[in-house]
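We begin with a single chain expressed as structure tokens, specifically the form predicted alone.
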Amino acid sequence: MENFEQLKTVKFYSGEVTPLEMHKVRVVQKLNLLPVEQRKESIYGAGFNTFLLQNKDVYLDMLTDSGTNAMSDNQVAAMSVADDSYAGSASYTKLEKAIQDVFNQKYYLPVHQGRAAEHIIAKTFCRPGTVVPMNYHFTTTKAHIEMMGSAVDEIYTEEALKTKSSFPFKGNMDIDKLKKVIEKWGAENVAYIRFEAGTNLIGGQPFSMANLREVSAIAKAHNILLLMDTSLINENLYFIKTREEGYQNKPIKAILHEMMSYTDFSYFSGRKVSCTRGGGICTNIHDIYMKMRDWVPLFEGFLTYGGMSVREIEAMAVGLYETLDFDVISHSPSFIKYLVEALDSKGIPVITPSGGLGCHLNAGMFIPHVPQTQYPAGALAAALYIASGIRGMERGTISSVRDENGNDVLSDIELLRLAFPRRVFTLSQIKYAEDRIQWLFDNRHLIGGLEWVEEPPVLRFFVGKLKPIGDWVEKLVAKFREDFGDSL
């Protein structure tokens, strides 16, 4: 009983080790599980893009954890006492205090969501001829930086793209590569160094405190700003506490404060970190705050609401304090670990070790017969929806871009992400996902590729439409009916 915070799994009498939900469900929302034929019609209607599926047609929505997390009873209660003042709201004062207490940051600029923070940061610090080194990019982050004329240089470690690995911190930054980037561009042309907590596009993989500390020392030695994306800080905190030597017995708050002490400024999406809509930019450096301050009223809203409703502000303040609760931040990683290890034990290709955010299927190995130019991650996302009603997110070449010659810039890795919104799913639903993924893997030879029907020029994965190459969808549905009969 010495380290109570880590006793979040129970060994059953049968010998099975199972994660426990450290909450009870008091409000429920009805789900639909359509017959497979209707699921086929729905994916055709959505242009084989899971973003365009209607929620009424989805059984388990594992598209994202952004804005889909369950709020706590205390968060919901806090919304009822919101102060509707346009300026000088008492609700904002509560949020500002939460930022200071939780993140140990004196200055806070509110925005309506994470990508709004990326916009303001890029507009302030990026210019043509500069570079932003980072451990890995996120789609909107890269777009904002490049729109301002800066380059993005990903300096991840060799372990980052190894899909099957036991390395605990695949989100680390390669120190030698960082030094070479600074030498190549010159310190004065490094807009800032960006560290993403829980690297989204390579499986929600964390970085270590030791790596952050070393990067911070290099940044300070060259007078370069260090920026952290803390949207997935909860999971990164969990992994530092459970995986990094010397942190097992440290309080979450102490770990978070140490992390923030190595950064010059940070930003977050409240949809992730606090289970509410909104976001913000934080710093202890007044000059950094002042460089960005005047952009907030222009693009977002006044400085005491930043595009958020005061009800969201109240809920966010409570949610940030809940970030320090191990029961809150351990729920998703423990459930993700359960599914990853269950699938891995069956030989189904998943990203290991399990990370935060979600379970990531390695589409390139799942359906190796589908070339990257036919978008295997997107095809697998559509196939899984047909087989189960589960909506995941393509994180592969569809999420990439085209080069100046019109050719796809092939992604480093083709992933289907099955996100785990906090406190939303039960273990029986995860077991259902495991079963349908196994069936799909056993019938993976039936899955074919996709081609574009309607391709937007920017962030095409959001609203673009595709169609299947050949008749593989009909064959998959026929096999489902053969194996499951009238079952959904």
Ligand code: F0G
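Predicted model only: the values in this text are computed from it and were never measured. Numbers for residues come from their place in the sequence shown, where the first is 1.
What follows is about the form predicted together with this ligand, which we do not show.
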* Though this ligand is not shown, can you say which of Glu300, Glu314, Glu196, Glu235 has a heavy atom within 4.5 Å of it in the predicted bound form? -> Glu196
* Structure fact -> From Thr140, Thr157, Thr130, Thr323: within 4.5 Å of this ligand in the predicted bound form by heavy atoms is Thr140
* To do: Please determine, with the chain shown alone, which of 132 to 140, 205 to 213, 160 to 168, 92 to 100 has non-hydrogen atoms within 4.5 Å of this ligand in the predicted bound form.
  => 132 to 140
* Partner proximity in the predicted bound form: Asn443 to this ligand, non-hydrogen atom cutoff 4.5 Å -> no
* His360 within 4.5 Å of this ligand in the predicted bound form, heavy atoms -> no
* Would you check, heavy atoms only and a 4.5 Å threshold, whether Arg293 touches this ligand in the predicted bound form? => no
* Asked: Would Arg417 count as a contact of this ligand in the predicted bound form, using a 4.5 angstroms cut-off between non-hydrogen atoms?
  -> yes
* Structure fact -> Contacts from 218 to 257 to this ligand in the predicted bound form (any heavy atom within 4.5 Å), listed N to C, are Asp229, Ser231, Leu232
